[in-house]
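Consider the single chain below, provided in structure tokens and representing the form predicted alone.
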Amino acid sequence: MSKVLIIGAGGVGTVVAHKVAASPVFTEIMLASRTKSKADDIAAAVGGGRIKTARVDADSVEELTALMRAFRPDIVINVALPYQDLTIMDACLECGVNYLDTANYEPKEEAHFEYSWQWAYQDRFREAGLTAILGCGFDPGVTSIFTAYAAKHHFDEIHYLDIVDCNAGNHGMAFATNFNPEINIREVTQPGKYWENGKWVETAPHEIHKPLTYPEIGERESYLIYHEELESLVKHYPSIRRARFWMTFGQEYLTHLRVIQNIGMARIDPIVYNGVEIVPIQFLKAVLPDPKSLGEHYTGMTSIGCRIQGVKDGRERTYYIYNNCDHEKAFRETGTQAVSFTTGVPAALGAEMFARGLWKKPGVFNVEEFDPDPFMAEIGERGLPWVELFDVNLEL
């Protein structure tokens, strides 16, 4: 039995709270947020008195350590902002608490993310006898576990990996982001990047795109962007010759995005307005719809998976493994849309894998470094069933 502290009370935190509360593995649960009323609302929605709540500023190691020492969790599930990964990891080390997150660290002052900052904690977590599990959402997360599962069961060598992410849902808004607007816009407006022949190749934002066909959805224009799991996967599977990440965007979304950039609202550096220092993208975040509010009217589904080509027993083979998630079903279960659902469910299950001793070893690890089988055996029954297709046209 295990005690868990969840930090973050947005859409993903909502899903994590629901799923953790449904598990008998966790005997005590605390949900903490900078705004305690958000945590209180989620705890009330879950019901049954399962979840305690607290206020914490995740930018403050002092506040985090005080909370951890008072509650004494076995593991922290970090679904706060990526800016806060390192402060939470510092607090975990100081208090002897294990750690799990869904997205890698990025500094506030630069729209750039990579695992080097968190991988640098390897020795400290190992020497403390603590486990840190990185990137346990869907992408990164399930896509990395899909790759590990394919490598274990279906390939002797993976040569080509394409991760494909389609959101074919409709929320009825002129413009909204499916998760934190500040993080979302920073992510999708940066230059594209992919791995090929042992080096990174950089492209202009959205320069490379093509139509891809998604199961139960059909054809959608898909754009090559950089995504963090590529960095860890090419490290841990050195046979990969090329690794890319594709995401679908509608033309209206891209038009809004260009306007936001052109008028300076995507800027992450502070400006002075009426004597007050503000960051334009943070102001934009405040006026855009809260991603958590989109679920009620969201229709359609997401489709996320891995399209893989490689060799098994000396023969070339192709393989496509994916999950489709329905926005309306996600809302009925947790009150959130599918993007939050697909991120929160794996985080909760990953924490349970740790609590049951299945994913537990000292150090800092990406999810593909653990045995994928127990996770894959249970993720379907938690709401994210997966489908395998063999020897198909990968379109890429």
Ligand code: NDP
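One-based numbering along the sequence shown. Small disclaimer: the values here were computed from a predicted structure and weren't measured.
Below: the form predicted in complex with the ligand, not depicted.
Although the partner is absent here, residue 140 lies within 4.5 Å of the ligand in the model of the complex, judged by heavy atoms.
Looking at residue 27, you'd find every heavy atom of it more than 4.5 angstroms from the ligand in the model of the complex. Residue contact with the ligand in the model of the complex: residue 298 places no heavy atom within 4.5 Å of it. Although the partner is absent here, residue 9 is a contact residue: one of its heavy atoms lies within 4.5 angstroms of the ligand in the model of the complex. In summary, among the residues 97, 183, 257, 230, the only one with a non-hydrogen atom within 4.5 Å of the ligand in the model of the complex is 183. Checked against the ligand in the model of the complex, the residues 161, 103, 76, 166 give one hit for a heavy atom within 4.5 Å, which is 103. Residues within 4.5 angstroms of the ligand in the model of the complex, judged by any non-hydrogen atom, belong to 57-65 and to none of the other stretches in 324-332, 57-65, 44-52, 349-357. Contact residues in stretch 30-53 (any heavy atom within 4.5 Å of the ligand, taken in the model of the complex) are 33, 34, 35, 38.
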